[in-house]
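Here's a solo chain for you in structure tokens, the form predicted on its own.
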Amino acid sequence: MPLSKPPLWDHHGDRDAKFTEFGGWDMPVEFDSIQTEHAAVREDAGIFDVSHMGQLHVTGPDATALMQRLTTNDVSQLEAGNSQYAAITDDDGIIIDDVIVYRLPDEAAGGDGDPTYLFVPNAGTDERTHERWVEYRNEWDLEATVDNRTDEYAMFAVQGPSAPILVDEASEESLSDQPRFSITAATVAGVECLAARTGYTGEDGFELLLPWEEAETVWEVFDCQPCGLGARDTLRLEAGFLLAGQEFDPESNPRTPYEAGIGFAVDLETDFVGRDALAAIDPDELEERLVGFELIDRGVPRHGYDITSSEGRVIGTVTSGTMSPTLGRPIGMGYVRSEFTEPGTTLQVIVRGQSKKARVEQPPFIDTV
């Protein structure tokens, strides 16, 4: 099956970007170097093409009820222009995906008075998520329209301490005072966009959603470092954010929100798919939990490496690891048995057959906004 391409695929190629397959998309992984791009975001600003992320619209009289039943957080608490982080779980409480749910501001909601939600599932999951929403809408006989608009939106993330200034300069509106986890309609480079004060790097910044055909106009207005998925991964790992397919996967690594450390996004007072299974779990009695760790010995932890106790007993598995560009130290995350999750606990990570000493740390590994 041919890979999907973002709207600026040719443009990125002209810039000599390197590409990689991710979630069925051919995406830029590196423009200059991961270290250069990572440093730009931590110290100044960078722009990412994240048009591979899914975008689904839900509206209608029962839109809130549908979103409430299919995501783990309390959607009814969202006012127009706000957003929240949530998980999508199956009947057993296993994470299928994690999403940001935006309740669109009135001026972008279609004007019929019904609440309109835009939510962003991970790359390559938009079609199955759309099918899930339609299936449950029909089963529960709810009046809501569900549209998959992944092919209509380009999506750029402008991230870093200077990002608010850059977005402000490019917009007809003043956006620098926009609160975190809010979304508003804006005109950027003369193009009508949605501007969300969210991100995946641990830094301040915006995610811009805009018409697919206007992608180059908006991309070109930002005079900052273009960044690929390689830097996005090192940045998100320093911030302690989950990556679908690594920290959770419903088939290869089934995890509940409690195991994955996102129990804060579960509201058991709401009635969602998986709620009863999660309510039956005592978070204090989990067999394994996700932890962060720093490798003390030389080496770089990688996905799939064994984690052992000091005595050599296998107690877990690395899910993500890297040499932190900001800290200059090898860091990672992984699931270990609960008795080994206390910060400061000594572990061993098996790197290319050799046992390397590590210490449990509570993510994030850096200060985040």
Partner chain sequence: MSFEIPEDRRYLESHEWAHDRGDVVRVGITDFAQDELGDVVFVELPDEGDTVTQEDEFGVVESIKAVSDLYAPVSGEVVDVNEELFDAPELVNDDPFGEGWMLEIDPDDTDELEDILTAEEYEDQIA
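Positions refer to the first chain, counted from 1. The structure displayed is predicted, hence computed values, not measured ones.
The same protein has a further form, the form predicted in complex with its partner chain, not shown here; the description that follows concerns it.
My question is simply whether residue 308 lines the interface with its partner chain in the predicted complex - judged by any non-hydrogen atom within 4.5 Å.
Contact check for residue 308: no, nothing within 4.5 Å of its partner chain in the predicted complex.
Could you tell me if residue 33 has a non-hydrogen atom within 4.5 Å of its partner chain in the predicted complex?
Looking in the predicted complex, residue contacts with its partner chain include residue 33, since a heavy atom lies within 4.5 Å.
Given that the partner is absent here, does residue 65 sit within 4.5 Å of its partner chain in the predicted complex, heavy atoms only?
Answer no; every heavy atom of residue 65 is more than 4.5 Å from its partner chain in the predicted complex.
Look up in the predicted complex whether residue 338 has a non-hydrogen atom within 4.5 angstroms of its partner chain, and give yes or no.
Outside the cut-off, so no.
With its partner chain left out of view, choose which of 60, 325, 54, 316 has a non-hydrogen atom within 4.5 angstroms of it in the predicted complex.
Exactly one listed residue reaches within 4.5 Å, namely 325.
Under a 4.5 angstroms heavy atom criterion, identify the one residue in 171, 198, 162, 234 near its partner chain in the predicted complex.
Of the listed residues, the single hit is 234.
Among 340-348, 44-52, 66-74, 25-33, which stretch has residues whose heavy atoms lie within 4.5 Å of its partner chain in the predicted complex?
Heavy atoms within 4.5 Å of its partner chain in the predicted complex occur in 25-33.
Kindly indicate whether 11, 118 and 149 are, all three, within 4.5 angstroms of its partner chain in the predicted complex, using heavy atoms.
No, none of the three is in contact.
Considering only 285-312, what residues come within 4.5 Å of its partner chain in the predicted complex, judged by heavy atoms?
Residues within 4.5 Å: 298, 299, 300, 302, 305.
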